[in-house]
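Only one chain is given next, in structure tokens, and it is the form predicted on its own.
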């Protein structure tokens, strides 16, 4: 089953087109890495899929439903989650308060069940509940942000540069958690990542973007093995 289908998407800001004719899809429990040089439109693509920038033409389908013109909050209710690189947590609040905000419209029993599921994925969260988010490390903040999204019980999670705030030695560890998220929570994932090699190693498919257009779409392993593309555009 295709959880997400993006067809001929052209998107950007104001009159400026950043993403041009992008087509790809995400299957059930698949990880799709979106890689490419800086300024290639990767983050704009995620924003367009979630309804946060202007779509000039093309379509976004979620579980077969056309959501191209739906506002972000309605896409979220359908089961789409988007984690931007920054501004994805409330720094002045505690971890518990952040989680409760994410679950504000759920009944008490449902919150308990979902919180148990999140803690089984991220057991370290239990010891952080009373901490103000501003006191956490970059990696811990990402876990809080991801946990907030998971409380909404999404089918699709889109991550924009989740390793950007992490020390190099923690990057592979963080991306392993992405695989665990797919395998244990059963979600599909779109992963925008500058650490191309590490991202491709944990992904099923790869979308290589250059100057807003698609240079490669296919198996992640195929891209890794294409020496010309990997060297020219990813520095591998």
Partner chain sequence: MLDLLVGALVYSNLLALMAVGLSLALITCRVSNFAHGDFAMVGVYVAYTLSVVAGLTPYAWIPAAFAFGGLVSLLAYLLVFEPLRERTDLVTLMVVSMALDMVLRYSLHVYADLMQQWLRVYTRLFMFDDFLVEAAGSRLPGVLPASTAVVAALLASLYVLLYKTRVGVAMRAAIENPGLAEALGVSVRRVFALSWFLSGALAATAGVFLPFRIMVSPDTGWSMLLPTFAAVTVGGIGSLGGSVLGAYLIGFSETVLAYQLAQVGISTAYRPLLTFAAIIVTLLVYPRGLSGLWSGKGWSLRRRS
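These numbers come from a predicted model, not from an experiment. Residue numbers count along the first chain shown, from 1.
This next part talks about the form predicted in complex with its partner chain, which is not shown.
Its partner chain is not shown here, and in the model of the complex it never comes within 4.5 Å of any heavy atom of residue 153. Remark: residue 135 does not count among the residues lining its partner chain in the model of the complex, judged by a heavy atom distance of 4.5 Å or less. Remark: residue 129 does not count among the residues lining its partner chain in the model of the complex, judged by a heavy atom distance of 4.5 Å or less. In the model of the complex, its partner chain stays beyond 4.5 Å of every heavy atom belonging to residue 123.
Of the residues 166, 143, 118, 103, just one reaches its partner chain in the model of the complex with a heavy atom at 4.5 Å or closer; this is 103.
Contacts of stretch 49-83 with its partner chain in the model of the complex, defined by any heavy atom lying within 4.5 Å, are made by 50, 72, 73, 76, 77, listed in sequence order.
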